[in-house]
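You are given C-alpha cells for the same protein chain in two forms, set apart as structure 1 and structure 2.
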Structure 1
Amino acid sequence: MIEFTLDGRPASAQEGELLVHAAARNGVFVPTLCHDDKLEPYGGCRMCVVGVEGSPRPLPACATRVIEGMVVSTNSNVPQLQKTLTEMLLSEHLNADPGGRPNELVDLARELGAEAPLILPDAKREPYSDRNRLMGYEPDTCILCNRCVRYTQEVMQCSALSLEGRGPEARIVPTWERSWLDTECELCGGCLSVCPTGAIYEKFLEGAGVEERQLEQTKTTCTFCGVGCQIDLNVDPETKRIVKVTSKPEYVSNEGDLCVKGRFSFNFVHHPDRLTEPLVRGEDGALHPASWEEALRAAADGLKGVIRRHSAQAIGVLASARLTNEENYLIQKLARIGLGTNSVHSCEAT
C-alpha cells in the first residue's frame, strides 16, 4: 500500500493503482465517460481531471497512477472544469438523449446542472442505418469517447468499428460505412455493451415501450455452449418478458463479454413452439405430454431395443457442443459402459 493525500485527507492506494479507483475507494467519486477498465487508459473525454500538486495542468484520473506522497485535489477548479466539459459535450448534439436509453452524459449533466450554451451548427451527424436486425446506431447521441472502437480493437479484435476522419467530420462508423453485416463484425454486441450513451443500442428495444432503467435482472448461465458465460436476463417487470441480455465485468468465466448467441438469442424463450415439458410419441403416432421419468424410460427402452435387435455397435453417441467438459466425460461413460459402444463423438471435435 502507498499513502497519498486526497482533498486534504490522508488516503491509501495499491501500488500502481489508477487514481480514479483509489479515489473511489477513499470515498471520492470522480466522473468518467471514456474510461473502461477493460480497455487501455485513453484519457480522451477529460471528464475525470483532478488537480495534482506539481503538475501544471490537472491530470486525468483514469490514466494517472497513484504514487507515494501524491497530493490530489478534486475541489478548487475541478468542478467548474467538469461542468464546462459537460456543456461542450452537450453542444455537440441536437438531442443528446433521443431514445430514452441510459445515457451517462445526460445523467452527468443533470447532476452538475450543465446545459449547452449553444448547439454547434455541425452538431447532427448523418444518421446511420443498416440491414442487421440486432444493433442500432444513433450518431447524434455519440460523444466520440471511442470506447466502442477500442473494444473492437483491444478486446474483440474485429476492428469492425472505426473512428473515421479528423476534425468536425470525425465520427464512429462500421468499416467504410458498410452495413455491420458486411464488415468483420460477428455481432457479439460487445461494442454496444461499453457505449456510455446508448448511441449503439439493441434494436429489440426500439419501440418496446420499456424504460431501460426499470428492467429487472436475473443472473443465469448461457446455455448455448460449454464456455458457460454468466449473463443477466433483463426482464420487463410488467410483461415478464426478457427484453435484453447483459453481462458484468466481474463475472468470472467471461468478464462481461458475450458472443452473438448469448447476447442476442433469447427470443426462443418466448416462442409459442418452445417445448416446456417432455413429450412421448404414443401408439397413435402423436406426441403426448409425459413426466421426465416416463420420457427417460421410453428413451432407455428404445435404446435397449436397438441393442437387442442389432447389438451395441449399432449405436453411436454424438454429444452437443453446448456441453461442458464434465458433461462430455459423463457422456462417454454412458456410451462405453452404459451402452457398450465406443462410437462416441462430440461435434465440437470437428
Structure 2
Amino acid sequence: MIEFTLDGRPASAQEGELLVHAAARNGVFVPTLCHDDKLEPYGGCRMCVVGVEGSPRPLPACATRVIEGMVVSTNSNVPQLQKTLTEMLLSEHLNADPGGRPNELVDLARELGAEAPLILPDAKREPYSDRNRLMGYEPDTCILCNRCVRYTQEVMQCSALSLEGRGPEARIVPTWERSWLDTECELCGGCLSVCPTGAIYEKFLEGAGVEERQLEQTKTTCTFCGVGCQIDLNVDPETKRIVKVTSKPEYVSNEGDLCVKGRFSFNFVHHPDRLTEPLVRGEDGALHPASWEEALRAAADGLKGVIRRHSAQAIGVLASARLTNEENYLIQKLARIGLGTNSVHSCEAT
C-alpha cells in the first residue's frame, strides 16, 4: 500500500492502482463515461479529469495510476471542466432520451446542471440499419466512447465493431459496414451491456415505451448450459412479464458476460404454447391435463410395463448438461438402481 493526498485528506491505495478506483475506495466519486473495469485504461472522454500537483494540466483518473506522495484534487476547477465537457458532448447528442433506456451522460448533465449551449448543425449522423433481429444502433445517441468496440476486441477477442467516418460524421458500425450477422459477432450483447448511453439497444424493446430503470430485477441462473451464468430477469412491475435479461460484473462464473441464448432467448417463458401443467394421454389417444401425482404415476407404470415385457435393458436414460452435477448424479442413480439399466447418456453428446 502507498500513501497519497486526496482533496486535502490522507488516503491509501495499492501500488499501481488506477486513480479512479483509489478515489472510490476512499469515498470520492469520480464520474467517467468511457471507463469500464473489464477494459484497459482508455482516457477518451476526459470526464474523469482531476487536478494533480505538479502536472501542467488535469489528468484522467481512469488512465492515471497512483504513485507515492501524489496530491490529487477533485474539487478545485475540476467540476467546471466536467460541466464544459458534458456540454460539448450534449451539443452532438441529438437523441439524449432513447426510448427509456438509461443514459449516463444525461444523468451526469443533470447532476452538474449542464445543458447543451447549441446543437451543431452537422451533428446528425447517418443512421445504420441492420437485418439482425436482436440489436440496433442509434448513432445520434452515441458519444463515441469506444467502449463497445474495445469490449469486442479485448473481452470477446473479435473484430465485430469498428469506428467509421471522421469528425461529426463518425459512428460505430459492424466491421466493414456489414451486418452484425456477417462479422465475427456472436450476438452476445456484450457491447450493448457496456454502452453508457443506450445507443446500442435491444430491438424488441424499440417503441415499447418501457422505462428500464423501473423494471424489477430477480437474480437467477441461466439454464441453457452447465456453466451456471448468473443473470437478472428484468420484470415489468405491472404486467409481471420478463422484458430483458442482464448480468452484473460481480457475478461469479460469468462476470456479467453472457452468450446470445442467455441474453436474448427468454421469450419462450411467456409463449402461449408453453406447457404449464402435466398432460397425460388418455384411452381416447388425446392429451388431458393431470396433477403431478397422476403424471408421475403414469410415467412409473409405463416404465414398469417396459421392464416387465422387455427387461430393464430396453430402457435408456438421457441426461442434460443444462442440469447441475448433483441433478445428473441423481438421474444416473435412478437409472442404475431404480430402473436397473446402465444405458445412461447425455443429450449434449449426441
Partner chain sequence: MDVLRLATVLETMPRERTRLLDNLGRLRREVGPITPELSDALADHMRLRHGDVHEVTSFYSFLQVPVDAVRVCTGPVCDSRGARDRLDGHAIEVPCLGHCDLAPVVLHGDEVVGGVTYSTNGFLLEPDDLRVPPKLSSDDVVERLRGSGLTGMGGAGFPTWRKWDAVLREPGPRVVIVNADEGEPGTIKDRYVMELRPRLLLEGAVIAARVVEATELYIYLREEYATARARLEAALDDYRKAGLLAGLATSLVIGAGAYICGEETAMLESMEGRRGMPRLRPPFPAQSGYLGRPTLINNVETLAHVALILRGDWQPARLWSVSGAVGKPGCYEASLDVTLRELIDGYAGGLVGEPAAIVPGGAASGILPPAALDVPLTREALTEWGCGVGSAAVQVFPKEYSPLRLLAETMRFFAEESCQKCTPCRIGNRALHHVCEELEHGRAAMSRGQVEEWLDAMTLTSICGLGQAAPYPVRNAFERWPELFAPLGPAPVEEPASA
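Worth saying up front: this structure is predicted, and the values here are computed from it rather than measured. Just so we're on the same page, rigid core means the largest C-alpha set that superposes within 1.5 Å between forms. Just so we're on the same page, residue numbers count up from 1 along structure 1's sequence.
Here the chain appears twice, and structure 1 is the form predicted together with its partner chain.
Once you line up the core between structure 1 and structure 2, the Cα of G256 stays within less than 2 Å of where it was.
The Cα shift for L39 between structure 1 and structure 2, taken after rigid core superposition, is smaller than 2 angstroms. Relative to the superposed core, P278 undergoes a Cα shift of 2 Å or more between structure 1 and structure 2. When the core is overlaid, the C-alpha of T324 ends up 4.8 Å from its other position between structure 1 and structure 2.
The two forms, fitted on their core, place the C-alpha of P289 3.9 Å apart, compared between structure 1 and structure 2.
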